[in-house]
Each structure stands twice: as structure tokens, then as C-alpha cells.
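Listed next as C-alpha cells is one chain, alone, in the form predicted alone.
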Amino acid sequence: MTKRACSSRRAAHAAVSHIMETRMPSTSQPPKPATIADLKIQRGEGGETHQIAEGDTPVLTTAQGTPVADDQNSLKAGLRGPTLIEDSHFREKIFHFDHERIPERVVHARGYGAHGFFEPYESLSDITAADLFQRAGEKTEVFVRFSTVAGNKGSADLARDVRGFAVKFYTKEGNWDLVGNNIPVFFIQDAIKFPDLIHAAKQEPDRGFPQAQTAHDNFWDFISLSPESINMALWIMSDRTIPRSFRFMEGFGVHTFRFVNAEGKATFVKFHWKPKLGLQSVVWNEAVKTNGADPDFHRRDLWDAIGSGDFPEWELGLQLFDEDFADQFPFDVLDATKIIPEEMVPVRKVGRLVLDRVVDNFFAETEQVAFMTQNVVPGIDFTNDPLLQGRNFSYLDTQLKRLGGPNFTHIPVNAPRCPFAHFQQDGHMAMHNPKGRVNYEPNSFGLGPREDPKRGFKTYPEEVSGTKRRARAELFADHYSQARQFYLSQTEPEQTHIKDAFVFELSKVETPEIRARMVAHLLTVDQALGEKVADGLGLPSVPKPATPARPIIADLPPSPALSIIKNGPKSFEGRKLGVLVTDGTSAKLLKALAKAVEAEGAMVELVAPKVGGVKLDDGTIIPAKQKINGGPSVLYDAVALLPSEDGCALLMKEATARDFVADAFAHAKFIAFAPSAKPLLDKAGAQLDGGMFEIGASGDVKSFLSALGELRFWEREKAVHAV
């Protein structure tokens, strides 16, 4: 038996037995929208207020009162050049946004982290001088933090949301932070729009809700008025935003970076994290119920996996390309709302990431860790992506507010593991200062550190020229082609989930005009999708499709790499089977099932009428991990029903037992059942189909186990969902 299987057998997994409370939408009428005539602004040194005349629109200004000419684009050197630090409006806007909340993060507040290591498969010295990529098999310590984006610290794990995937490498030449997400594109192209995006996504400021949800007017109003966000809108309405756990999701660096080798040659690079166990998400109804049953579901999963020796693992993949490819690509590689399809530039797997140690203290490590996109090491450099350029400013600025001062690198989780020396001194919470009289350079005493032209970080000498402008490059204006490609790359069940997600989210929007604007965008992406969403919302009339700024490239080929189902697991390894047992359950059958599942590297958890356990038919008393009303089937990847005849009669009277079966059936999970469980299946309305396996004897287990690698019996969804 494998080490993974042995450790899984030892695992004892507990779940929080919270009963989900169904929350109905408010029936109260929304307040009448304010008009311009209702608004007042402060003017004059005396602070007096002046009523704005009806019909007038106030001019957007900086906090100093300077009128703003362009709030959509940061100042750059040329259309594709770097963002300029002289852009006072952008710096003020980001500065204020970065300091809006204390002490939790403005975004990515709910996170969970673990320690581990990165190990390269081969030397990459031909493409990068980064030390951690020079020697095959040499391990570099890492700290990884996963997170949701929109929710506050107390929100639930399975909110529909983008997931942060941030990795801090403690290399021999300093810390490198690869600060990414589980989605390879982003909502906006320019960092100047980030405050507006997050303001719109967070709970509405007058009422303070909804929490960790985008199903409200403000968010979809912003998206519907920002065509650059349409590609991301398709991604966030897909199952990518309700992952089964951190262990089964991809990670992406999002931006285009540069590798630079020892000779100064540069190569563009995009970073990918590929989970060894394959991709897996849940369905929406399952996510809602899991949040009620265990709002810490993702945290618990990572903690349990590491604690039981089932160490989560990803492979680092690189997409490498040069200037010639960038010039020929139909989209701009500096546009963070676009991907380079893997079929066009294959992902080269160059190493593995393993998480093998939980934190000693959540606050000291997970809460205080400071990730910054600006943290790169020699051999890795930036591009002029305007979103990345803004993040490089914003993330450093944010730490001042969150961690109390400039010395946050003195906190152990943020400190380099390599030797470091500098003349930075004093400030709040300084833990170490330069010793002696010299705290500057150059100095004639020959004391202190000096720069090293050979080993030191060198910025790639890209030639930059252009007129200072607030604008974007022309190729940035194609907002629909890749959104269409993403949708057409999904399987039929995944397309249905995207449609259902749009219908659900937009049904919570109270303003009809916003719903219509979003449907107009979807019609431009794909007519069938837009029509289905319009029908699901019951729009009185279907709007005209939105007019694209650039012609849509309608013949982009589907990319199989974009589908979760097509990139799912090859086995049941790393998953969990929930087994419903009672007094009198067959010991022989239970043992055979558990042995077969554990041999796959998966976990078995017993659910019983009482957590104290059950007496099997051979007289063995075995404890349960969950009581039936605290262990719903949403906590498991598949279920098995093994009650005795008397036990089944008892379970049929228990509502939560019927829900256990009904939910597993509705969520398209594979179900194994003993003949004695048939009355419970009937009571729960679960009609026999190809995803259900009768296991009357130990020999029947094999066929059930072989099906589990598919995870879901998707054909069932059409039968259980009529609308």
C-alpha cells in the first residue's frame, strides 16, 4: 500500500455541524435612486456646502480639488510604455484605496497558508539567471497563501469568487513573490481602475451587504459599463470560482514577465501552477450548502491533507515566447485580460511545489505575510503591463497600513532566508539596525555593504520612447474574442453552469437596465448564451448585442486546456468517500470498500445516526466521524449507502438522511448502495441511473471504484434540473 494510502487510513477528519440557514432575498422595495440634484459637495475654505443645480454633473477631482481629465488610464511613456511615477492622480487614488481598511487586507482578506518547498526538474540557466532555477533537484523554501478576493475575514470558503494563489520563494538571492490567482486573466487592463472594481464588488456601502457575493447591482453595473471585463466575467461565472479545494485548482501569474539569462538575453514568460491531482470544482447548490455545513471547508481540507501526509503538490509550468511571437499574436501580451492559449504556446513543466507543513501560528504567518509583485530576484524582470506596473506600487504601499510601518520585513515570515545587508534604519517596530557609526554609503571608512555590479539585480535595458499620454494600445480594445473562445472551450455541463450562474447573479440585480446591458454583452460573446440568459431572466425583450470596439475574431479554436472537466483527475486519489452506515451494516462489505478506496489514495469517512458509532453485523463496534445531521453529502466527492434493513427503516424517518441521498443525487455524484438501501433511495427520489452502483458483495466494488475517476455523472444534471 502506498504511503499516501496508509496516511489516508490514519486520517480522522471532522466537519463543523452547522445547519445551513436559507436566506431569502429581501422583499422590501429598494430606495429611489438619488438624482444629481440630491447631491451636495464641499467647496471653499470655510467648508460650506453648495447645492448642485439640477441636471449639472459635478467634475471629478483629486482629493486636492484638481479636476481630472482621464480616470480610465494611467500615465505612460507611449501606448505600450511603462507607467510613470509622476502620475499624481493615479498615485493618490491607489494610495487612498490601499489604506481604506485596517487591519485586514482590502482584498484577499480571507486566506489560508502553508509552508513547503519548490524543486526544479532541470537547470534553466539558458533562459534565466534566477538562482532557484540553476540546479535540478535543489529545494527552495516557500510559503503559499490561498485566499478569496471579495469576502471579509469572516466570510465562508465556498463563495463564488476568484482565488488568490500567492507563492513566496525564499531564494539564495532574496525573496521572489509570485502573486497570482486561480484564473489567468483579470477584470481590468489598467491599475487605475482597481479601486473602482473592488468598490463595486464589495458590499454596497450604504447597506453593508451582500457579503462575499457579486450578485448585486453595483458589481454588474460596473462590469456592464466596462467591456474590458467581459472575458473575466465568463471566467468568474464558470466553475473556476467554486473549486472543490485549494488542492484541485490551478494557479497563474496572470501577467507577462521576463526571464533574463546571465548574458542579458530576455524571454517573455507566463507562469502556471498545475495541480498533480487534476482539476475539480463543485456545483453551485453544493457550494451554498457546504458553506452552511462547514464554512471552513477549504481551510479544513488543506489542514487535514497536510496533517495526514497527503501533501498537496503542483507543477510549475512556463509559457515561453519572444518578441517575434508577441508581435504576431492577435492580442497584446501586456493585456492582463487575455491569455495565450496553451495549444499555441505549450506549457513547459519545470518543477514541483509541495506543501508539507502547516503554520505554527495563523496570525504570525498567514495573517502577517506580505506579498508584493515588486519582489523579484536577478533573472526575473517586469514588463510594461499597466496592471502589473500599478500593482508594483500598490502592494508595497499597502504594507505600511496593514503591518504598521516600514519594518514589516523584520517579521519572520517576510524576512529573507539568505544573508542581507543595508543601511535602512529606525522606524516603527525596528528589530535590528546598522551597527557602528556608519549608516550611509559611499563612505571613506570602508564599512558596510556595497553594491555588486556582477551579482546585483539589473533591469532589462528595454528601449522606451513615446509621447506621455493617458491611453491604451490599440490591441487592448478587443474585449469579446477570447470571452467567446473560453465559452466555446467548455463542455456542455460547464456551459450550462455558466448560463445558470449569469441567470442567478443577474436575477439578484434590482435594476432592469443593468440586466439588459449584461445580456447585450453576452449576445456579442455568443448569441445562444445571451438568448438563454435572457430567457432565464424573463426579459420582456432581448436587447441588441453590444457593439465591439474592434471586430471579433470569431474563429478562434476552442482550447481544451480551459475546461475543468477535460482536465480532471485520472483516479479518486486525494478525494473523500462518505459512507452511510447503521447498526447491522455488513462488516465484510464495508471492509472491502474501504480497502479499495484507500488503495487509491483516497479517504473514507463514516456517517452514522450517532457519532459514537455502530455495531456491524459481525459484532464489531466502529466509531463514526460524522453524525448524519452534521455530515451532509456535500462534504464528500462520492457516497456509499450501506445501512442494514432495520437501519434503513430508521434512516427513512430522518430528514437529514433523506437529504444526504437527495443532495448526492442532485449534485450528480456517484452513489454506491447495498440492496438494503433501496427504500431510502426511493424515499429520497433518487432514480437509478448509470451513476449508481449496487454493491451486494465485495466483488461489486471494483466497477464503482473505476467510475470514481470521473468524479461526477454529468448526464444526470439534465434530469434533475428543469429550469
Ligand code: HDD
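No experiment lies behind these values; they were computed from the predicted model shown. Residue numbers here begin at 1 and follow the sequence given.
If you look for the form predicted in complex with the ligand, you will not find it shown, but the lines that follow are about it.
Is R105 one of the residues lying within 4.5 Å of the ligand in the model of the complex, judged by heavy atom distances?
Yes, contact at 4.5 Å.
Does the 4.5 Å heavy atom contact test between P227 and the ligand in the model of the complex come out positive?
Output for P227 is no: heavy atoms all beyond 4.5 Å of the ligand.
Can any non-hydrogen atom of F118 be found within 4.5 angstroms of the ligand in the model of the complex?
Flag for F118 set to no.
Find out whether any non-hydrogen atom of S489 is located within 4.5 angstroms of the ligand in the model of the complex, and reply yes or no.
So S489 does not count as contacting the ligand.
Looking at K76, H89, K532, R391 here, can you tell me which has any non-hydrogen atom within 4.5 angstroms of the ligand in the model of the complex?
If I apply the 4.5 Å criterion carefully, the residue I get is R391.
Here the chain is shown alone; which of P609, P569, G164, G379 has a heavy atom within 4.5 Å of the ligand in the model of the complex?
Only one option qualifies, and that one is G164.
Which one, 637-645, 184-192, 300-308, 533-541, holds residues whose non-hydrogen atoms are within 4.5 Å of the ligand in the model of the complex?
Single hit among the candidates: 184-192.
Could you run down 128-159 and flag each residue that has a heavy atom within 4.5 Å of the ligand in the model of the complex?
Stretch hits, in order: R145, S147.
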